[in-house]
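The chain that follows stands alone, in the form predicted alone, written as structure tokens.
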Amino acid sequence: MFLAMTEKKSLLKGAKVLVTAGPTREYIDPVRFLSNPSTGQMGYALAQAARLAGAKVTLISGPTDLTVPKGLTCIDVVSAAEMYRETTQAAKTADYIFMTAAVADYRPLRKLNQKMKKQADDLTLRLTRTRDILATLGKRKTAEQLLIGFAAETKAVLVNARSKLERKNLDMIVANHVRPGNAFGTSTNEVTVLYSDGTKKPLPRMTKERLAQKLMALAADYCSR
């Protein structure tokens, strides 16, 4: 038992791990925003698992109700633009990068300074693309960095996840089938890990804490190949 605990604590000893977590909020006006149901549980579990594995951890978090694990650096952000700025900066010195945050793909073209009042007619809201953080990191990553993405999909899960891995130059991607009891807002998850060499590893349903530990081990194993 002592040997197993020692190995766990030294798995990523000295490594710098960056984790993004939670949703972003793209404000329409001072009281309304576009967002998604991400709770940040998976990202926070990964940050904790990395810390317990001996890594120096930076967690960049969108708005959540979670308590930040002790012993790591947490940077709070709200919008996709803030997530982009902080993540691209922190990634420069990271060895392992886990991109679990559910970042908005679009934001309102114009944010109103005052609350938008109800109108008699239907409303058309113009949106514009946010900057793609994962694709940017894929272009900039060094040979010494491991970049791991997450793909929450509702159909053709593995096909869409594989496409994302290849398009964004990732080393690994965690494919997540969004359905009742899985992914957003649950304490457990069932995923398939896809690798850049074409292989894949299905993982059975387990708690997000256990999954985080498993993903840390798979990441460390990948780097030791």
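So that there is no doubt, residue numbering starts at 1 and follows the sequence shown. Note that this is a predicted model, so its numbers are computed, not measured.
One more form of this protein, predicted in complex with ligand CTP, exists but is not displayed; see below.
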{"property": "Within 4.5 Å of ligand CTP in the predicted complex, all of 104, 134 and 150 (non-hydrogen atom)", "result": "yes"}
{"property": "Interface membership of residue 94, ligand CTP in the predicted complex, 4.5 Å heavy atom rule", "result": "no"}
{"property": "Distance check, residue 200 to ligand CTP in the predicted complex, heavy atom within 4.5 Å", "result": "no"}
{"property": "4.5 angstroms heavy atom contact with ligand CTP in the predicted complex for residue 164", "result": "yes"}
{"property": "4.5 Å heavy atom contact, residue 51 and ligand CTP in the predicted complex", "result": "no"}
{"property": "Contact stretch among 67-75, 138-146, 123-131, 107-115 - heavy atom within 4.5 Å of ligand CTP in the predicted complex", "result": "123-131"}
